[in-house]
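Before any questions on binding or motion, here is one chain by itself as structure tokens, the form predicted alone.
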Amino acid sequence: MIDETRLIEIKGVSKSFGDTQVLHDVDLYIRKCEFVTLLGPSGCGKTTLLRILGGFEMPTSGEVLFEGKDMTGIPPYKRRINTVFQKYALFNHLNVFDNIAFGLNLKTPEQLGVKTKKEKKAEIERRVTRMLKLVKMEGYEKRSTNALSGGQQQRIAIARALVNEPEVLLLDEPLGALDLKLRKEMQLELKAMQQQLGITFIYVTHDQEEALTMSDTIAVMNGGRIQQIGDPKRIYDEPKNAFVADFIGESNIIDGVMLQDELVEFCGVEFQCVDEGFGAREPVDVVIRPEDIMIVGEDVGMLTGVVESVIFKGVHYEMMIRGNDPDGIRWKVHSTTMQPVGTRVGMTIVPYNIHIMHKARTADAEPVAESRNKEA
């Protein structure tokens, strides 16, 4: 029985280029009207997966289903999917209006839901006007694309993709060429567009802040596999392995031993936590975010150390604190209160800010891919 909320299903997809395998047995489903981000470092396979969804690459094995139907062999122009690339590929010889209308002009009146050429022209005018309003580019219809800023060109590229009214929009790092301020503005605008249009967005980026800002669901990728799938808060608060913990935000990852349920030992100190289901005296990785460490007096701290460096980050100070434990672990701490270099301090961590993970496999072992299908 087909789950009607699942618009796209990726089942066991692998992809090789010659002797190099870039995707390994990927499983993922994407719901209708969902904003899904494929997040990971360069070379992790996220763009290849996006190109397979768009029909620009064929999987070596596995299948991609759209509303339960196999998409293998269906060319890009026959899929109800459009793509926005990092390089906008606008037509410089056409003005803004004609760039957006380009795909519509190639359609017959019947394909646009009208009967005559006159009605087709009016329908194209209506759709392009709507898109210009959506991307906040009204009044730019007759402008040359060469006269537009990078941010404006990006808006036109998005409008050109959306004007065909696809059910899915694929976006391959579309904000990568923009400056930081404009990129942050466009993150919010893209999310607002997706919600207003009510269509599915599948977004590729290596920027974890971008993913956390916009996504309903994040699939973290590394080495051609999905490492973890979840909503932004779950991905940030409950990373499944050291790669996810380190890639999403900043983390202190410490060797520890799980003594029993809700009790872990690290740095020679026993800490209450909220994690269960580990073996007695099982070696574990302990993850603590820099903002979750509270600086207190040395005499009352659960851990103690000396401030080695201080960097002002605008909204907080970033301090590196050398612990007084036998291993001399260096802790990264974020705080709105600065402690000068050389200050002896105490550090306190409450139980729910201590996250316990099973030890990562050895370097030569294959990591386990994750699928949302297995959670459903």
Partner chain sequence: MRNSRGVRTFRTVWMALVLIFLYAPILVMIALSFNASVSRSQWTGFTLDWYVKVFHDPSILGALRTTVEVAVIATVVSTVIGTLGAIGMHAMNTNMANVLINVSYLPMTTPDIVTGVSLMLMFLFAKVPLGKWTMIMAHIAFDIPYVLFSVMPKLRQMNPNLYEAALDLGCHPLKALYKVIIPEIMPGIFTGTLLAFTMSLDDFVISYFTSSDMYPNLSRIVYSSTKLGVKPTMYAVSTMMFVSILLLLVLINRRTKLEDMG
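Note that the coordinates shown come from a computational prediction; the quantities given were computed from them, not determined experimentally. Positions refer to the first chain, counted from 1.
Omitted from view is the form predicted in complex with its partner chain, to which the following refers.
The three marked residues, 289, 348 and 350, fail to reach its partner chain in the predicted complex, with no heavy atom of any inside 4.5 Å. Site annotation in the predicted complex: the residue of 121, 136, 87, 130 reaching within 4.5 Å of its partner chain with a heavy atom is 87. Shown without its partner, this chain lists 106, 280, 180, 300 as candidates; in the predicted complex, only 106 has a non-hydrogen atom within 4.5 angstroms of its partner chain. The stretch among 255-263, 209-217, 160-168, 302-310 whose residues place heavy atoms within 4.5 Å of its partner chain in the predicted complex is 160-168. Shown alone here, residue 332 lies farther than 4.5 Å from its partner chain in the predicted complex, counting heavy atoms only.
A residue is said to contact a partner when one of its heavy atoms sits within 4.5 Å of a partner heavy atom; residue 92 meets this definition for its partner chain in the predicted complex.
Among heavy atoms of residue 154, none comes within 4.5 Å of its partner chain in the predicted complex. For residue 81, a non-hydrogen atom is located within 4.5 Å of its partner chain in the predicted complex, even though that partner is not displayed. In the predicted complex, no residue of 196-232 lies within 4.5 Å of its partner chain by any heavy atom.
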